[in-house]
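For reference, the chain that follows is the form predicted alone, supplied as structure tokens.
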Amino acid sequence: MVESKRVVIVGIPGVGKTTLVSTIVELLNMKQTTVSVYSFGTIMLEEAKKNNIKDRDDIRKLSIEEQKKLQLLAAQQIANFNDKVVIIDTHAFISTAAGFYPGLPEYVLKIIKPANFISVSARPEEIYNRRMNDTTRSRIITSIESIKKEMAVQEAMLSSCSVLSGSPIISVLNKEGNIKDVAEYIIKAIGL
């Protein structure tokens, strides 16, 4: 049996990561490549629901110890997925009351064994506008400056993940109207 290629894709809220991942999947399916997408946060939420957490935005309000437990459970589930390409849709960090908490600490990386990391960004103004227009989530009110800080933290966190796992990282700018080109670039970069 061929080992799965696990690709971690991160992006702060509002970069268009979900749309980009959907485009990548569509293009890979056209190439007859089996691919599945798993949202780390959604898997964590399914576990958290067992403890009466009803909303994924409430996970970041849990204690760090409770978040660690949920991360471990999610990582163990993801490690068992064996599709040819497994895309792990997640965040490089979580904003908590204690500060920025890593979304992919070393113990998670050891379990999921990622082959590639993709860091998705967009212009801060685009991110700001997307967040302000998103009524589906309980977002923290933000500013362009805080978005720039989040983008810097994401790059630092993901760079650390790359060093710890020995897996390559690419950063892509997801500009409006350029989604297919970005998706094709990612597919080529990860060797598919």
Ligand code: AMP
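Residue positions are given as counts along the sequence shown, with the first one as 1. Computed from a predicted structure; not experimentally measured.
Although it is not shown, the form predicted in complex with adenosine monophosphate is what the next lines describe.
Proximity of residue 28 to adenosine monophosphate in the predicted bound form falls outside the 4.5 Å heavy atom cutoff. By the criterion of a heavy atom within 4.5 Å, residue 124 is excluded from the residues contacting adenosine monophosphate in the predicted bound form.
Put simply, residue 94 is close to adenosine monophosphate in the predicted bound form: some heavy atom of it is within 4.5 Å. In the predicted bound form, at least one heavy atom of residue 90 sits within 4.5 Å of adenosine monophosphate. From the list 142-150, 29-37, 52-60, 157-165, the contact stretch for adenosine monophosphate in the predicted bound form under a 4.5 Å heavy atom rule is 52-60.
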